[in-house]
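Let's start with one chain on its own, the form predicted alone, as structure tokens.
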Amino acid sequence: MAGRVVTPDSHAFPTRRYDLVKEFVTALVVMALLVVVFAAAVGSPDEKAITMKSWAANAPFDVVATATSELAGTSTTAGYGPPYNRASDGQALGPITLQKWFGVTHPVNAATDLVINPVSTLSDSATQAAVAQWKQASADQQSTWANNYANALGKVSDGDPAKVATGDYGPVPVIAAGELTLAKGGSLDGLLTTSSTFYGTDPTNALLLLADGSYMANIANAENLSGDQWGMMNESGHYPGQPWLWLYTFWYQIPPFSTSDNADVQVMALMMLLSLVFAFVPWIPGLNKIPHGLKLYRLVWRNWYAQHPEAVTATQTTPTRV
């Protein structure tokens, strides 16, 4: 004997005409007008972009110290590994070194590309002589000069490179001063922005140099934008920021991710796993019963169910076969 399958009456739910295209076009036009009006009236509410010129104006000592670290090979970029260089294997997920697998796709020589090449564009004889001396020296000699000057800068208390004690620095002070001159003049951004891509501009090198210093990090901390401040989900000047990113940035706040050098790749792998679980919920035994058990749809449609009590009984009936 076959059992009877009971389902809700398909005509019991209310319907109405709905023009989705009309609503979309209306919303698009209204929002476009609002954007234009507010942009013209008040401009962007966000902070202005950080430039090399503003960096040099507000933290000249940091520019000199960062240029020196690039020459010494001690900056973050110099030791980053793929995709910029082979100084390290990069982040790993267990035995899997993902950065190394993909290799160097954007080669960057920190000393040459971020300092020497831009400074070489200065035409004064002192800078030209310093660059020539640097290029003629051995790698060991270059490292000795740059590290000596970096250590001397670290002993200056008031942030004035002119007060560095005399020492064996070779051409490094002149080259670092040349980098500061370019930054103050506003030309360093352009010199570090390449045009090898289809879109014409690639600011990667400029961003790498800026990130190697402490100026941008200090601004980020002041605006609660660093990683340990949930910065990946914060918009400048606002808290908590974009709520849809909380699950991603949450993992950076707790061990073992908060103390791991491989946090980025670990969080990425975890989020990929959670995304797959979410996508396959309808096919995962146990999890696919959660929506039916929670019955949240009754809360959404509570007014309709109150008017149609017979539908409650119908939706509770489980199809069976005898």
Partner chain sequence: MVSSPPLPPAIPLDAGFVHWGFVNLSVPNIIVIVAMLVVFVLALVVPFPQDRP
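Residue numbers count along the first chain shown, from 1. Just so we're on the same page, rigid core means the largest C-alpha set that superposes within 1.5 Å between forms. Nothing here was measured: the structure is a model prediction, and the numbers come from that model.
The same protein also has a form predicted in complex with its partner chain, omitted here; what follows describes it.
- Remark: of stretches 162-170, 120-128, 140-148, 218-226, the one touching its partner chain in the predicted bound form is 218-226 (heavy atom within 4.5 Å).
- In the predicted bound form, Ala306 stays away from its partner chain, with no heavy atom inside 4.5 Å.
- Put simply, Asn109 is far from its partner chain in the predicted bound form: not one heavy atom of it is within 4.5 Å.
- Using a 4.5 Å cutoff between non-hydrogen atoms, Thr194 does not count as a contact of its partner chain in the predicted bound form.
- Put simply, Pro240 is close to its partner chain in the predicted bound form: some heavy atom of it is within 4.5 Å.
- Along 282-297, a single residue, Leu296, places a heavy atom within 4.5 Å of its partner chain in the predicted bound form.
- Core-superposed comparison between this form and the one not shown: the C-alpha position of Tyr297 differs by no less than 2 Å.
- Once the rigid core is used as the reference frame, the Cα position of Ala49 differs between this form and the one not shown by less than 2 Å.
- Once both forms are overlaid on the rigid core, the distance between the two CA positions of Phe61 between this form and the one not shown is under 2 angstroms.
- Relative to this form, in the predicted bound form the C-alpha atoms of Leu245 and Ser44 approach one another by 3 angstroms or more.
- The pair Gly185 and Ser44 is at least 3 angstroms farther apart at the CA level in the predicted bound form than in the present model.
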